[in-house]
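A single chain comes next, written as structure tokens; it is the form predicted alone.
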């Protein structure tokens, strides 16, 4: 661990990418790699949630399936890891609890970057302890082309909005929702998610 007296640019930086990952796809991987290089992150840790705190409009796949797919998808990148932090914690998976768990483990010398979609950040003030999230980690809002960044300030206030880092998403229109739909309809999902994940989905019968 590096000394706390070092400048921000010299301190270790760690990316946390939370989500349902149902299933993980190449869009997630591209965003993680883009954030890693853009913010000079030592590595990016994918943190699949156990129980999403906000109710989903569909039946979420079992956590162990989603965790396994994350492992398969990230195996070839030495800068990516997958954490069971939220899977081992009972109850809803709250972002602030995850940030504090990593902070307690790593110490104050490491800068934490929480990477999530801009649409999710629009609702950050409804999350548990939003002010603490913004104080204890850098929040990276990943946005699609054409997204109006002024919506962030309007939704969460100019002071909080000024503390959000933004990053345009590389031009990929891929979503977990579409992958689930394609599997249910018998359509191909090859090249939309790593081949190992495709094989896992077909072998386990997920989303059918």
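Positions refer to the first chain, counted from 1. Every value quoted in this text rests on a predicted model; they were computed, and no experiment measured them.
Another form exists, predicted in complex with a small molecule; not displayed. Remarks below refer to it.
Although the partner is absent here, residue 115 lies within 4.5 Å of the small molecule in the predicted bound form, judged by heavy atoms.
The small molecule in the predicted bound form is approached by residue 119, whose closest heavy atom lies within 4.5 angstroms of it. In the predicted bound form, no heavy atom of residue 105 sits within 4.5 Å of the small molecule.
Of the heavy atoms in residue 36, none are within 4.5 Å of the small molecule in the predicted bound form. This chain lacks the partner; the member of 151, 182, 163, 144 within 4.5 angstroms of the small molecule in the predicted bound form by a non-hydrogen atom is 144. If you check the small molecule in the predicted bound form, you find no heavy atom from any of 13, 67 and 84 within 4.5 Å.
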